[in-house]
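First, one chain by itself in structure tokens, the form predicted on its own.
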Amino acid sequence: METSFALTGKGYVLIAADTTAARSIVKMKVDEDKIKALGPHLLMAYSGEPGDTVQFAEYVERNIRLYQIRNTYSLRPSAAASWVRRSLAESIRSRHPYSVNLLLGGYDVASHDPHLYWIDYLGTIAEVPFAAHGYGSYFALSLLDRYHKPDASLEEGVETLKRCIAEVAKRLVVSPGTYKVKVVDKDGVREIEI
């Protein structure tokens, strides 16, 4: 019952993901961090099959870091999203495809704009102002559609995120207990408490 949300605001991208690692009806872990910092201004939330998610997230993290070492600068969010999409699309055509859904958010220090990308396990990509994956998306997308404002402050973005989390807790039969929330802006990546 994985759930992840993300939204953009005035100069930031806010990403939240539940911290439960489960298989079938068994909770394996309740403190799993499903949001990986890929660079100084780039975050990725992942969900899907437990083995695939961790392996693919580490593969993406290491390759983006390798690019930064070789070229002495980080990938911009749009370039990183395109590379991740291509990696997923190539894996579909292999014998071992990854079953991973992603929310990739970043702050472009060159253009001073936040970017959020919705990527699914088929390699489909869309740049969006807000997004969700998992069972919680059935409840959260309508709230994000109603309350999201492109020029919202970070405090307003956190309030919208709290609404989504409360709605999922109220309506989803097996709702996740806790969420980890991270923000990326001009100052970089940091975790915030909600």
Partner chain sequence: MDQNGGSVIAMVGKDCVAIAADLRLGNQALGISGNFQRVFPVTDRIFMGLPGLATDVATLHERFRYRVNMYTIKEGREIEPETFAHLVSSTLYEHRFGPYFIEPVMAGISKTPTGKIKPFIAATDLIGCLNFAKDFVVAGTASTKLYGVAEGLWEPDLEPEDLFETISQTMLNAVDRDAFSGWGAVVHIITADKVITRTLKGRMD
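Note that the structure is predicted; figures quoted are calculated from it, not measured. Positions refer to the first chain, counted from 1.
Keep in mind the form predicted in complex with its partner chain is missing from the figure; the text below concerns it.
Partner contact region in the model of the complex: 124-132, out of 43-51, 124-132, 154-162, 27-35, criterion any non-hydrogen atom within 4.5 Å of its partner chain.
The candidate spot formed by Arg62, Arg70 and Val181 lies out of contact with its partner chain in the model of the complex, as no residue has a heavy atom within 4.5 Å of it. With a 4.5 Å cutoff on heavy atoms, Leu143 does not count as touching its partner chain in the model of the complex; it lies far away. At the 4.5 Å threshold, heavy atoms of Arg76 stay clear of its partner chain in the model of the complex, well away from it. In the model of the complex, Arg86 approaches its partner chain with a heavy atom inside 4.5 Å.
For the chain shown alone, Arg95 is not a contact residue for its partner chain in the model of the complex, no non-hydrogen atom being within 4.5 angstroms.
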